[in-house]
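Only one chain is shown below, in structure tokens, and it's the form predicted on its own.
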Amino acid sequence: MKRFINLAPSRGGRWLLGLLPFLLLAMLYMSLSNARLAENPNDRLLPTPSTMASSFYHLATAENVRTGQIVLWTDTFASLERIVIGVGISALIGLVVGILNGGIPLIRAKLSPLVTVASLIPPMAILPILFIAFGTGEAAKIALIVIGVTPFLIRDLQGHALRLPDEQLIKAQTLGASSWQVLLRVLLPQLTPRLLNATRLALGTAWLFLIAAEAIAAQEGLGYRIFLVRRYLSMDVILPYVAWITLLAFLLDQLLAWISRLAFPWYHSGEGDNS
């Protein structure tokens, strides 16, 4: 008899088990919503799925009277542009500094303490400083994402570089590789897939900073819309927007995972079905 720890579901079983918590949450929500609406038909805290679907459809299809734009897509494109630029800049800086910190002790001695201290600063605490320095435009929102995500990426890549076997670096130098060749031919190929995985882990944090920045100072964006309608208790808009943000974050995560598996199959060779 197999031990419980060694039992693994089939592929179809994994899908069913994965859907089960969502079904239970949906059933719980429906039960609570029906109870509140039965007591007060005008209750706005837990709207019915049909009400949320109607509101979401209206936001996705109807033009704004003032701007002539479709609200949902305007907000989505604005937020996606900010998150992609912010995370892209963070990934680039994280890769460069992570390789240098992990591969060159002299640079690590100078930059590693700074990166450690920077990673401990709550990014939300310096958001007012960013608005003062960059204004309330796009730069401040992107800067918040970069400041919040980059130190994590640097520390993760630096740690991974330091855990690589010393034999790899010694053999490369024995074959005549210069310092830059070691960085580009040994460290870079092994840290790039690690960067994609670390970026996937940082996406949730990046979305948090983006929503916070949009809520404080923005004219469009998913976070801006949520905090705009909260004053009216429009849960029929807020809940679909939260679900939409979650879906977008999931799609970005899966896109990075697909790129990683496609470009670096050797990195995922030992993961099997759990990759």
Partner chain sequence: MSLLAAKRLEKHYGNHVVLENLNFSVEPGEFVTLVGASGCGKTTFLKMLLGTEATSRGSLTLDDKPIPNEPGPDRGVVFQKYSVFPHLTVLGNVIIADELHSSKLLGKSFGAAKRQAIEKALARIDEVGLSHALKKYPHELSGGMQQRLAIAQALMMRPRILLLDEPFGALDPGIRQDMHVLINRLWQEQQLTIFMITHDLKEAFELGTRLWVFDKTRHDPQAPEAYGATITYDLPISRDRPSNELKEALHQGGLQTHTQETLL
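Residue numbers count along the first chain shown, from 1. These figures come from a predicted structure and were not determined experimentally.
Heads up, the form predicted in complex with its partner chain isn't pictured, but that's what we're talking about next.
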{"query": "Per-stretch contact check against its partner chain in the predicted bound form, the hit in 141-149, 72-80, 167-175, 113-121 (non-hydrogen atom, 4.5 angstroms)", "finding": "167-175"}
{"query": "One residue of Thr136, Thr205, Asn197, Gln190 in contact with its partner chain, assessed in the predicted bound form (non-hydrogen atom, 4.5 angstroms)", "finding": "Gln190"}
{"query": "Listed residue that, although its partner chain is not shown, lies within 4.5 Å of it in the predicted bound form (heavy atoms), from Ile126, Ile104, Leu201, Leu184", "finding": "Leu184"}
{"query": "Its partner chain contact in the predicted bound form: Pro265, any heavy atom under 4.5 Å", "finding": "yes"}
